[in-house]
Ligand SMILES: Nc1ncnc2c1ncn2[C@@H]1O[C@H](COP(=O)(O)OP(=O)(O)O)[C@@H](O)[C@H]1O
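Shown next as C-alpha cells: one chain only, the form predicted on its own.
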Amino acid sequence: MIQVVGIEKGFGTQVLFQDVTFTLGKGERVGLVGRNGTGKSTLFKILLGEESQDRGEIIFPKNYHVGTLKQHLIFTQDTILEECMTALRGENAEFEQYKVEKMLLGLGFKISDFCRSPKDFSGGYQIRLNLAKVLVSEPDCLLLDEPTNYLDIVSMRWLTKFLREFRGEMILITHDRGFMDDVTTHTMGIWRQNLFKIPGNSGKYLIVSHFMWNEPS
C-alpha cells in the first residue's frame, strides 16, 4: 500500500501536478492513463525517488520493496541465468534457480540460452532480461512502463497471466489498452494537473471522465 498526499510538481512555468492525493490499496493493479506530457513518467520517478516532488508526502510501509523495469542495459554476470539470479532476494536465494529458469522461459528465452552472455542478445531481449529480473525479485509493488515492448504474442500471454496472479500492487503505463484492461483492477488518469482513480478498466474511466469534465482524457 502506498499513500500519496498533496504532492505538487512543476518544471519552470509548467505545472504537472497540484495537490494530488491517492492511495494504492492492497492488491490493486492500476492502469495509469493521460495524454503525453501530463506527467505519467514523472510520477513514476517521484515514486521511485528519482525525482523529488515540490510539495507533499509519499508514505510507504516499512520494508516495502518497489520494483521497476529499467531501460538502461548494464549487466555484470557472464550468463543470463547468473545475471537474472542476482535479482533474487532472501536468505535462500541461491536455491531458487528454478524460479529464474521459469521466468526466462516465459519471456521467450530457451534453455540453451541460459549459459550465453547477456551481451550476445539484441536490445529487445536484453530488455526482456531486465523484465525477468524485476519480476523474479518478487517486489511488493511493480511500476511498469511499457513492459510489452519487444515481447512476442506468446510472451505477452505469459506476462498477462503472471500479472493477473501477482499478489502485490502495480501501476502500469502502456499504449496497449487491451493489455492494460486484461491485467488491471483500477484505472487512474492525470487530467488538468490532478489525478482521478476508479475501479474498472480504461473504457469505464473514459466514460466517467467524460461526464466529469465534459470531454474524455
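Nothing here was measured: the structure is a model prediction, and the numbers come from that model. Start at 1 and count along the sequence shown; that's the residue number.
Same protein, other form: the form predicted in complex with the named molecule, not shown, and the subject of what follows.
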Inset, instruction - Decide yes or no: are L16, G37 and E51 jointly within 4.5 Å of the named molecule in the model of the complex, with each residue judged by its heavy atoms? - result: yes
Inset, instruction - Name the residue from T42, T185, T160, N149 that puts a heavy atom within 4.5 Å of the named molecule in the model of the complex. - result: T42
Inset, instruction - Could you tell me which of 162 to 170, 149 to 157, 29 to 37, 55 to 63 sits within 4.5 Å of the named molecule in the model of the complex, going by non-hydrogen atoms? - result: 29 to 37
